[in-house]
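Structure 1 and structure 2, given next as structure tokens, are two forms of the same protein chain, each shown alone.
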Structure 1
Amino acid sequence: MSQAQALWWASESFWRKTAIWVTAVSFVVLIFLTFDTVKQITAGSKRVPAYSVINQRIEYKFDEKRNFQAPVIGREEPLFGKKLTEQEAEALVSHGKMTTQSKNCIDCHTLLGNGSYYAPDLTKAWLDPVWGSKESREEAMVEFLMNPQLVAHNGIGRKMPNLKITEPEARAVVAFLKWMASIDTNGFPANFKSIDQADAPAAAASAAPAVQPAPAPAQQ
């Protein structure tokens, strides 16, 4: 057996053909993964709800099978008390997304894993307990976005600068944050504690002593 036959795997021709085949197969796989990824991240898919989800309650519950907190879409709970059509919801969420981009929010914040960790992660900001209660959350978020310099972000005193966000922009950003909180991110960010989403209990009838009717006067 000649040396050339023994080292066929080291020949230039073999590796040239191998490189061509590997490149071609990788290109096909990349095309498939690209189309699959687009399908997975499109609004209205299994993991990314349609924009009209902002008309519903969004909460997180522990999924024992997946071993992390997963989003759960609940009862009707329109943003700012107004139910929107799919087109209206998309326009509002898109406006909010464009506002976060124009204000360069990812220079300090993280959204869906992209951005900086200087300021709080915004992926689940809609469910952040810092807003107090779900009843006051919407207006608290709008007020904060318009005047953020008045409130410290955390214990070390970092404050968000006033970015001159208008009220319509602030409301759109809140819509974007609510929609983003509905996305199934496989538990990211981890160890997140959600705001209490339970409805305020109805006033119990026994909360105050009932007024008893005065006894009828005795018959003479």
Structure 2
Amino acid sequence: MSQAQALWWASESFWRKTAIWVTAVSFVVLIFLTFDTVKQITAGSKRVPAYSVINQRIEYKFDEKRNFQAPVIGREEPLFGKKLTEQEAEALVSHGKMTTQSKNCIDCHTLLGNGSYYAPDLTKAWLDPVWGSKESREEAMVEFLMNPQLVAHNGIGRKMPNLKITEPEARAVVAFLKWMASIDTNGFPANFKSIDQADAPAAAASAAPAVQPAPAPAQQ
């Protein structure tokens, strides 16, 4: 075909080559970026802290330079009052994560904003004001997870079913949630108002200003 010469840009062979090159280049770029990203999201990195971070206070504060909220790792505040080694912490968080998978939490909730939309996002569940005070939070979470159907927390009657979560599983889930709250998610969720984690007045006087006081949970 003499036309084929004139219309090189409409020819099959031109587009075949283009398709191969474009795909190959995109894929190679993706591989390079993936190496870097995987490094940056490996537990123990700056963005995704080591599991032993559950030994410390985790806050979510506005970062002036980045112009959004970011997790702040605070002073020592071990989960359930027991300081864990890195290995123990990983085992606990892992048990919690596995529980979230075997109970399909993500088919009602979102985690890091991904999943289902029938129930609240769990990214910062550890910091939610509904848990009351930071002293009662851990036990309140364990109790809730084991028997979520007992108390109504919202006006539309939607409840979380009892998923037969055992106490060790519930504690592990709380560890997982605490750890997840420490991940740097580039400011998602925005405008989140944390539970009050300030120290008692005497100790707090010298400390940096704490997060905003939590609004009273709108019960029922």
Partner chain sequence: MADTSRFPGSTMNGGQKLAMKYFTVAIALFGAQILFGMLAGLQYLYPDFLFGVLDFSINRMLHLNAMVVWLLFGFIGSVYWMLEDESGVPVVGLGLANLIFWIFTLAVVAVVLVFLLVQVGAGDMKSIWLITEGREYIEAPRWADIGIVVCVLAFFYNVVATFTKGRFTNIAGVLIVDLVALAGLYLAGMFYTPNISMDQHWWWWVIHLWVEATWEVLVGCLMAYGLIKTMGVRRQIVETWLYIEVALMFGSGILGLGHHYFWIGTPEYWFTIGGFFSALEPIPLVAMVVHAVFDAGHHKMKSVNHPALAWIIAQAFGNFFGAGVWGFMHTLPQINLYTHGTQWTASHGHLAFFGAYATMVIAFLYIALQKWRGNVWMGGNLEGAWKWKWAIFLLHVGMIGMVMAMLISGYEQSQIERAIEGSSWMGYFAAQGHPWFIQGMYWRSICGAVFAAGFVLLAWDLLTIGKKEARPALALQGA
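Superpose the two forms; the largest set of C-alphas matching within 1.5 Å is the rigid core. All values reported here derive from a predicted model rather than from experimental measurement. Here, residue number means position along structure 1's sequence, counting from 1.
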| item | value |
| --- | --- |
| Label of the structure corresponding to the form predicted alone | 1 |
| Core fit, then Ser26 C-alpha moves 2 Å or more between the two structures | yes |
| Shift in Å of the Phe14 Cα between the two structures [rigid core superposition] | 5.0 |
